[in-house]
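Heads up, the chain below is alone and in the form predicted alone; it's given as structure tokens.
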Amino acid sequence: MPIDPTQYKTPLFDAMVSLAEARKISFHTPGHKSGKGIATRFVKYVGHKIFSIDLTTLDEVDSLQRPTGVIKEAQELAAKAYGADRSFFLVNGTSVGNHAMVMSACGPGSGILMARNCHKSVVAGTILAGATPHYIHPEVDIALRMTMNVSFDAVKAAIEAHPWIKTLFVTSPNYYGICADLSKIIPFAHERGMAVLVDEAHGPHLGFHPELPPSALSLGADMCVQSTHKIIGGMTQASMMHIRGGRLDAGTLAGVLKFVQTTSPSYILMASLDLARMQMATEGEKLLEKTLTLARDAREHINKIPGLYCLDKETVMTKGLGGLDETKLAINVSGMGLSGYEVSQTLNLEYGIQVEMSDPFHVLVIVSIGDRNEDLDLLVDALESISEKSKARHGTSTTGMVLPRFNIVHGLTPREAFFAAHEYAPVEGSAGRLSSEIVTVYPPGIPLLVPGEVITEEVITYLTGVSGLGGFVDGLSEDGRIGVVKAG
């Protein structure tokens, strides 16, 4: 398709550079005053220019809380590029976008249908909004030892069982790149009078290459949020939120964002959003073509290595889901008799390779527009070496570990449990109590326990197993105990 010439514009970045080059005397924040007050070691490493564009709300560079100038123009260009009615820059990551989506669509006491493989920030959104979640189980592949995504049949059944609920929340793609079948889910939900919210954190590049799964907006989502920093050229914490279709009010969303976002946003992060949008809109297909080629070549080589299996598109399509983002390499390592945590640590310490995340059974590699042939070659060579060495050494087997079923036995709503009187108990002795915390293995940040849910022996076994393998459990106290609602 021909490139829209307006997408070459970067209004916010240009205004920031112009202001920096004007060298005006600053009696405003930030206090380092264009780098003059920054520690010398910092300046020596990153240079002076970055500090000259570390700005605050000024006439020349607009205000994120109430944009009327270059930020407004930059967000309008983003909306045009992504096919939204309105787009919003986020500087607190996609987590704040999830908070805002739930809060703008739901009020106290309202219900929301949610895929249970949601990020913990979605649960936090229900606590902030006072909404009551009703969960949809994702498909779990026992052979692959992987939570896939929600199927259309599961979503359809949940909607039919809860006809009074008017909001559906889906995560697509998930951390492993597996998409829900939004092409069926969204029209069905709309027919039932529901608004559809999508956590598309891992899909800011969808829609910019024909061989990637379609974006949520292109399939009719009413609102979605994307981590521009995950695959394309945004800086860490830089995300975007999009709304379209008229089922939800953009003014309400803008008002909620004023509450949950900082009033001192980073202009450097916002500039990276402006530039990342320009980059995708003008050369995204070319950049992603190279990225897909690298990922596909690596997947092919990895699947020839003994003891390894890298999830492929064909396998996902047999599950009745919405496809696979092939830039994600979800590599099952359990065939080597090693845990994902062990392989991740070995890659890091022995080969100088850092992966995105690991779980008991997998390591996850993100291939992005910043990767090169030699990067993937080194990864494949390292995995071949680990596979060969695993034949001669005994690793920590995960044979006895199983994925826990998501526990949705409720005693209280998440908000009730979060604000209830609580205490801390040893994890091993907490079965039958109500959790007062969001407890998750992080990453990926999918809650194993939500406030108000009953703690089961199955979850306890999994949490202690993950800790024993070296995984990080988030949501416990500093001394490793779990928050529980006080009895009575």
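For clarity, every value in this text was computed on a predicted model and none was experimentally measured. One-based numbering along the sequence shown.
Not pictured, yet referred to below: the form predicted together with a small molecule.
S.K.: So in the predicted bound form, does Tyr175 come within 4.5 Å of the small molecule, heavy atom to heavy atom?
M.R.: Although the small molecule is absent here, Tyr175 would touch it in the predicted bound form, with heavy atoms inside 4.5 Å.
S.K.: So, Pro444 and the small molecule: in the predicted bound form, are they within 4.5 Å at any heavy atom pair?
M.R.: Close contact exists here: in the predicted bound form, Pro444 approaches the small molecule to within 4.5 Å, heavy atoms only.
S.K.: Could you tell me if Gly323 has a non-hydrogen atom within 4.5 Å of the small molecule in the predicted bound form?
M.R.: Taking the distances in the predicted bound form, the answer for Gly323 is no, it never comes within 4.5 Å of the small molecule.
S.K.: Just to confirm, Ala201 within 4.5 Å of the small molecule in the predicted bound form by heavy atoms?
M.R.: Because a heavy atom of Ala201 falls inside 4.5 Å of the small molecule in the predicted bound form, the answer is yes.
S.K.: Picking from 264 to 272, 205 to 213, 153 to 161, 221 to 229, which part of the chain touches the small molecule in the predicted bound form when contact means heavy atoms within 4.5 Å?
M.R.: Contact criterion met by 221 to 229 only.
S.K.: If the cut-off is 4.5 angstroms on heavy atoms, which of these, Gly307, Pro404, Gly93, Gly233, is the one near the small molecule in the predicted bound form?
M.R.: Residue within 4.5 Å of the partner: Gly93.
S.K.: Given that the small molecule is left out here, which of Thr327, Thr126, Ser339, Asn98 has a heavy atom within 4.5 Å of it in the predicted bound form?
M.R.: Only one listed residue qualifies here, and that residue is Asn98.
S.K.: Has each of Ser121, Thr171 and Ser239 got a heavy atom lying within 4.5 angstroms of the small molecule in the predicted bound form?
M.R.: Looking in the predicted bound form, the three residues Ser121, Thr171 and Ser239 all sit within 4.5 Å of the small molecule (heavy atoms).
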